[in-house]
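Taking the form predicted on its own, here's one chain by itself in C-alpha coordinates.
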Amino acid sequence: MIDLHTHSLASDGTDTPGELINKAHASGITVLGLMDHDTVAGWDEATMYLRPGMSLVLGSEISCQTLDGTSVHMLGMLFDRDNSALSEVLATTRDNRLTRMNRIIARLNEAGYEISIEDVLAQLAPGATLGRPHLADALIAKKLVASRDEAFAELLHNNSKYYISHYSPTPEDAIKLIKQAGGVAVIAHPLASLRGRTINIESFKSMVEAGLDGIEISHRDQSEDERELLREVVARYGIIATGSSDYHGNGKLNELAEFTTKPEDFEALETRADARRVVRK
(Lines give C-alpha, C1' and ligand atoms only; values in the text may rest on other atoms or scores of the structure.)
Protein backbone atom coordinates (compact mmCIF):
# COMPACT_ATOMS: atom_id res chain seq x y z
CA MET A 1 0.00 0.00 0.00
CA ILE A 2 1.15 3.52 -0.83
CA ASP A 3 0.18 6.42 1.46
CA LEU A 4 1.90 9.61 0.30
CA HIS A 5 0.58 12.16 2.82
CA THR A 6 1.13 11.80 6.57
CA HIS A 7 2.28 14.02 9.42
CA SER A 8 4.42 13.58 12.50
CA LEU A 9 5.22 15.46 15.68
CA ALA A 10 7.62 17.57 13.60
CA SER A 11 4.55 19.60 12.63
CA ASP A 12 1.00 18.93 13.85
CA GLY A 13 0.87 15.14 14.08
CA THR A 14 0.92 13.34 17.41
CA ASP A 15 3.39 10.54 16.58
CA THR A 16 7.15 10.97 16.44
CA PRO A 17 8.58 10.19 13.01
CA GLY A 18 9.81 6.86 14.39
CA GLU A 19 6.41 5.99 15.81
CA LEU A 20 4.82 6.91 12.48
CA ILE A 21 7.16 4.53 10.63
CA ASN A 22 6.35 1.72 13.07
CA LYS A 23 2.59 2.27 12.73
CA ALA A 24 2.83 2.42 8.95
CA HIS A 25 4.76 -0.85 8.90
CA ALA A 26 2.18 -2.49 11.15
CA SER A 27 -0.58 -1.23 8.83
CA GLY A 28 1.01 -2.91 5.81
CA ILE A 29 2.16 0.30 4.15
CA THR A 30 5.09 -0.28 1.80
CA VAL A 31 5.56 3.32 0.60
CA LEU A 32 5.04 6.16 3.09
CA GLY A 33 5.13 9.89 2.41
CA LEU A 34 6.17 12.16 5.31
CA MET A 35 4.75 15.62 4.54
CA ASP A 36 5.05 17.75 7.67
CA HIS A 37 3.96 21.36 7.29
CA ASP A 38 6.65 23.74 6.01
CA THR A 39 9.52 21.70 7.46
CA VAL A 40 11.90 18.81 6.85
CA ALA A 41 12.65 18.41 10.55
CA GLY A 42 11.33 14.84 10.74
CA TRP A 43 13.25 13.44 7.77
CA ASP A 44 16.31 12.11 9.59
CA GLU A 45 14.44 10.29 12.35
CA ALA A 46 12.00 8.76 9.88
CA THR A 47 14.90 7.53 7.77
CA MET A 48 16.63 6.06 10.80
CA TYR A 49 13.52 4.05 11.78
CA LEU A 50 12.65 2.87 8.26
CA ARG A 51 11.86 -0.86 8.23
CA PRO A 52 13.16 -3.42 5.72
CA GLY A 53 10.84 -3.69 2.73
CA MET A 54 9.54 -0.13 3.20
CA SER A 55 10.18 2.93 1.07
CA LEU A 56 10.06 6.51 2.34
CA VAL A 57 9.01 9.53 0.28
CA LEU A 58 10.33 12.62 2.02
CA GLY A 59 8.75 16.01 1.46
CA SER A 60 6.76 18.83 2.99
CA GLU A 61 3.21 20.18 2.83
CA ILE A 62 3.84 23.78 1.85
CA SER A 63 1.36 26.45 2.90
CA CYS A 64 0.24 28.58 -0.05
CA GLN A 65 -2.30 31.29 -0.73
CA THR A 66 -3.91 32.36 -3.98
CA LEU A 67 -4.07 36.02 -4.94
CA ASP A 68 -7.70 36.13 -3.79
CA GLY A 69 -6.72 34.80 -0.35
CA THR A 70 -7.72 31.15 -0.68
CA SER A 71 -5.58 28.77 1.38
CA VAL A 72 -3.90 26.01 -0.64
CA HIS A 73 -1.59 23.22 0.49
CA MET A 74 1.06 21.97 -1.93
CA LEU A 75 2.81 18.66 -1.32
CA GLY A 76 6.45 18.99 -2.32
CA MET A 77 7.92 15.49 -2.66
CA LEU A 78 11.42 14.18 -3.35
CA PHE A 79 13.10 17.59 -3.49
CA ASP A 80 16.68 18.44 -2.57
CA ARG A 81 16.58 19.54 1.06
CA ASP A 82 19.72 21.65 0.52
CA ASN A 83 18.08 23.86 -2.11
CA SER A 84 18.49 27.34 -0.63
CA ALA A 85 15.53 29.06 -2.30
CA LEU A 86 12.99 26.51 -1.11
CA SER A 87 14.59 26.30 2.34
CA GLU A 88 14.33 30.07 2.76
CA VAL A 89 10.63 30.11 1.86
CA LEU A 90 9.90 27.29 4.31
CA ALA A 91 11.79 29.13 7.05
CA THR A 92 9.97 32.42 6.36
CA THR A 93 6.61 30.64 6.43
CA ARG A 94 7.45 29.01 9.77
CA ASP A 95 8.59 32.32 11.27
CA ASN A 96 5.37 34.06 10.23
CA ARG A 97 3.27 31.38 11.89
CA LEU A 98 4.17 32.85 15.31
CA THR A 99 2.93 36.33 14.37
CA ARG A 100 -0.24 34.82 12.97
CA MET A 101 -0.81 32.74 16.12
CA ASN A 102 -0.52 35.81 18.35
CA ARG A 103 -3.12 37.60 16.24
CA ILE A 104 -5.56 34.67 16.38
CA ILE A 105 -5.10 34.46 20.14
CA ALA A 106 -5.81 38.20 20.46
CA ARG A 107 -9.13 37.71 18.65
CA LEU A 108 -10.03 34.79 20.89
CA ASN A 109 -9.13 36.83 23.97
CA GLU A 110 -11.39 39.65 22.81
CA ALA A 111 -14.22 37.11 22.59
CA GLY A 112 -13.62 35.94 26.16
CA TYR A 113 -11.45 32.87 25.59
CA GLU A 114 -8.65 32.87 28.16
CA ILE A 115 -5.70 31.48 26.25
CA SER A 116 -2.11 32.69 25.83
CA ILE A 117 0.76 32.10 23.44
CA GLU A 118 2.56 30.35 26.29
CA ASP A 119 -0.36 27.90 26.55
CA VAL A 120 -0.03 27.14 22.84
CA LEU A 121 3.76 26.81 22.80
CA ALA A 122 3.48 24.33 25.69
CA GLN A 123 1.75 21.99 23.23
CA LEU A 124 4.55 22.25 20.67
CA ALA A 125 7.19 19.53 20.38
CA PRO A 126 10.79 20.82 20.13
CA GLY A 127 11.48 21.94 16.58
CA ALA A 128 7.89 21.38 15.41
CA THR A 129 6.08 23.70 13.01
CA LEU A 130 3.52 25.83 14.87
CA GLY A 131 -0.06 25.53 13.65
CA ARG A 132 -3.73 25.77 14.56
CA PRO A 133 -3.80 22.16 15.86
CA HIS A 134 -1.47 23.28 18.67
CA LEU A 135 -3.90 26.07 19.53
CA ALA A 136 -6.66 23.45 19.52
CA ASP A 137 -4.63 21.32 21.93
CA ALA A 138 -4.16 24.34 24.21
CA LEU A 139 -7.90 24.99 24.17
CA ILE A 140 -8.45 21.35 25.13
CA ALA A 141 -5.91 21.61 27.97
CA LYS A 142 -7.77 24.69 29.27
CA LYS A 143 -11.05 22.74 29.00
CA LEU A 144 -12.49 25.31 26.60
CA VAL A 145 -13.24 22.60 24.00
CA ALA A 146 -13.35 18.82 24.19
CA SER A 147 -11.39 17.86 21.07
CA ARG A 148 -9.48 19.12 18.04
CA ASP A 149 -12.53 18.41 15.92
CA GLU A 150 -14.68 20.62 18.14
CA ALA A 151 -12.04 23.37 18.18
CA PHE A 152 -11.89 23.48 14.39
CA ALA A 153 -15.62 23.12 13.88
CA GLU A 154 -16.46 25.98 16.24
CA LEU A 155 -13.45 28.31 16.31
CA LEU A 156 -10.52 27.57 14.04
CA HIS A 157 -11.91 26.72 10.60
CA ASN A 158 -10.94 28.87 7.61
CA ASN A 159 -14.25 30.76 7.60
CA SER A 160 -14.14 31.55 11.31
CA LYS A 161 -14.08 35.16 12.46
CA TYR A 162 -10.93 34.24 14.39
CA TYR A 163 -9.09 32.96 11.31
CA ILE A 164 -6.04 34.87 10.07
CA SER A 165 -3.87 33.81 7.17
CA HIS A 166 -0.09 33.95 7.30
CA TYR A 167 2.68 34.65 4.84
CA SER A 168 2.85 32.01 2.16
CA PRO A 169 3.78 31.81 -1.53
CA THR A 170 1.22 31.48 -4.28
CA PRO A 171 0.60 27.89 -5.42
CA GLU A 172 2.37 28.67 -8.70
CA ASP A 173 5.44 30.05 -6.90
CA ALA A 174 5.53 27.03 -4.58
CA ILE A 175 5.35 24.66 -7.54
CA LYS A 176 8.21 26.47 -9.28
CA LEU A 177 10.33 26.29 -6.11
CA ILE A 178 9.65 22.57 -5.72
CA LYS A 179 10.53 21.92 -9.35
CA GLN A 180 13.68 24.04 -9.13
CA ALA A 181 14.68 21.90 -6.13
CA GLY A 182 14.27 18.81 -8.31
CA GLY A 183 11.06 17.63 -6.67
CA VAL A 184 7.50 16.75 -7.53
CA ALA A 185 4.48 18.97 -6.81
CA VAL A 186 1.07 17.52 -5.90
CA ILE A 187 -1.75 19.77 -4.72
CA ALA A 188 -3.38 18.42 -1.54
CA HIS A 189 -7.18 18.09 -1.14
CA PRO A 190 -7.92 21.12 -3.37
CA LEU A 191 -11.73 20.77 -3.29
CA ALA A 192 -12.14 19.92 0.40
CA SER A 193 -15.08 22.28 0.89
CA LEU A 194 -15.53 21.34 4.54
CA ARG A 195 -12.19 23.05 5.25
CA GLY A 196 -13.34 26.43 3.89
CA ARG A 197 -12.97 28.20 0.55
CA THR A 198 -11.74 26.06 -2.32
CA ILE A 199 -9.96 26.99 -5.51
CA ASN A 200 -11.69 27.52 -8.84
CA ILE A 201 -11.34 24.60 -11.25
CA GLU A 202 -10.02 26.96 -13.90
CA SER A 203 -7.07 27.92 -11.67
CA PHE A 204 -5.49 24.52 -12.32
CA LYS A 205 -4.39 25.79 -15.73
CA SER A 206 -1.84 28.22 -14.29
CA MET A 207 -0.62 25.61 -11.81
CA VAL A 208 -0.09 23.04 -14.55
CA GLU A 209 1.78 25.68 -16.56
CA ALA A 210 3.98 26.24 -13.49
CA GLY A 211 4.78 22.52 -13.39
CA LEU A 212 2.10 20.84 -11.26
CA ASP A 213 2.63 17.07 -11.39
CA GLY A 214 -0.47 15.73 -9.69
CA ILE A 215 -3.65 16.16 -7.66
CA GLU A 216 -4.59 14.42 -4.43
CA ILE A 217 -8.04 13.13 -5.38
CA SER A 218 -8.87 10.35 -2.91
CA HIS A 219 -9.09 12.11 0.46
CA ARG A 220 -11.72 11.88 3.18
CA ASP A 221 -12.49 15.62 3.03
CA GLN A 222 -13.50 15.52 -0.65
CA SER A 223 -16.90 14.21 -1.70
CA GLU A 224 -17.32 11.79 -4.58
CA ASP A 225 -18.63 14.64 -6.73
CA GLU A 226 -15.53 16.67 -5.93
CA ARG A 227 -13.31 13.70 -6.73
CA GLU A 228 -15.02 13.25 -10.08
CA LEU A 229 -14.35 16.90 -10.96
CA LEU A 230 -10.69 16.39 -10.09
CA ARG A 231 -10.48 13.23 -12.21
CA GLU A 232 -11.65 15.34 -15.13
CA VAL A 233 -8.88 17.87 -14.41
CA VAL A 234 -6.28 15.08 -14.28
CA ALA A 235 -7.49 13.73 -17.62
CA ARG A 236 -7.61 17.18 -19.19
CA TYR A 237 -4.03 18.07 -18.33
CA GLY A 238 -2.42 14.64 -18.39
CA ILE A 239 -1.18 14.82 -14.81
CA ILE A 240 -1.23 12.21 -12.03
CA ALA A 241 -3.92 11.25 -9.50
CA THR A 242 -2.99 10.32 -5.94
CA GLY A 243 -4.84 9.17 -2.84
CA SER A 244 -3.64 9.63 0.74
CA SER A 245 -4.75 9.45 4.34
CA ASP A 246 -3.46 12.85 5.56
CA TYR A 247 -2.85 10.99 8.82
CA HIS A 248 -2.11 13.12 11.91
CA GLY A 249 -2.08 10.48 14.66
CA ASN A 250 -4.59 11.13 17.43
CA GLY A 251 -5.13 14.69 16.17
CA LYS A 252 -7.63 13.69 13.47
CA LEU A 253 -9.97 10.83 12.65
CA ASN A 254 -7.93 9.99 9.52
CA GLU A 255 -6.52 6.45 9.58
CA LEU A 256 -3.30 5.36 7.91
CA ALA A 257 -3.85 4.04 4.38
CA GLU A 258 -7.59 4.79 4.40
CA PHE A 259 -6.89 6.18 0.92
CA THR A 260 -3.90 5.13 -1.16
CA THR A 261 -2.11 5.79 -4.44
CA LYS A 262 -1.93 3.23 -7.24
CA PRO A 263 1.58 1.78 -7.78
CA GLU A 264 1.65 2.88 -11.43
CA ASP A 265 0.75 6.45 -10.44
CA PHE A 266 3.47 6.52 -7.80
CA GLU A 267 6.01 5.24 -10.31
CA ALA A 268 4.98 8.00 -12.71
CA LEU A 269 5.42 10.60 -9.96
CA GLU A 270 8.83 9.30 -8.97
CA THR A 271 10.13 9.59 -12.52
CA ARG A 272 9.26 13.30 -12.54
CA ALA A 273 11.87 14.09 -9.86
CA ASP A 274 15.32 14.98 -11.16
CA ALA A 275 16.99 12.29 -9.04
CA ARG A 276 16.10 9.03 -7.32
CA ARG A 277 15.41 10.25 -3.80
CA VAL A 278 13.02 7.59 -2.48
CA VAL A 279 14.67 6.09 0.61
CA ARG A 280 14.51 2.31 0.52
CA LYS A 281 15.46 -0.54 2.84
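Numbers for residues come from their place in the sequence shown, where the first is 1. Values in this document were obtained by computation on a predicted structure and should not be read as measured data.
The next section is about a form of this same protein that is not shown, the form predicted together with a small molecule.
Here the chain stands by itself, but in the predicted bound form one stretch of 114 to 122, 172 to 180, 200 to 208, 127 to 135, 127 to 135, has heavy atoms within 4.5 Å of the small molecule. Looking at residue 81, you'd find every heavy atom of it more than 4.5 angstroms from the small molecule in the predicted bound form. Put simply, residue 162 is far from the small molecule in the predicted bound form: not one heavy atom of it is within 4.5 Å. Of the heavy atoms in residue 97, some are within 4.5 Å of the small molecule in the predicted bound form. Looking at residue 12, you'd find a heavy atom of it within 4.5 angstroms of the small molecule in the predicted bound form.
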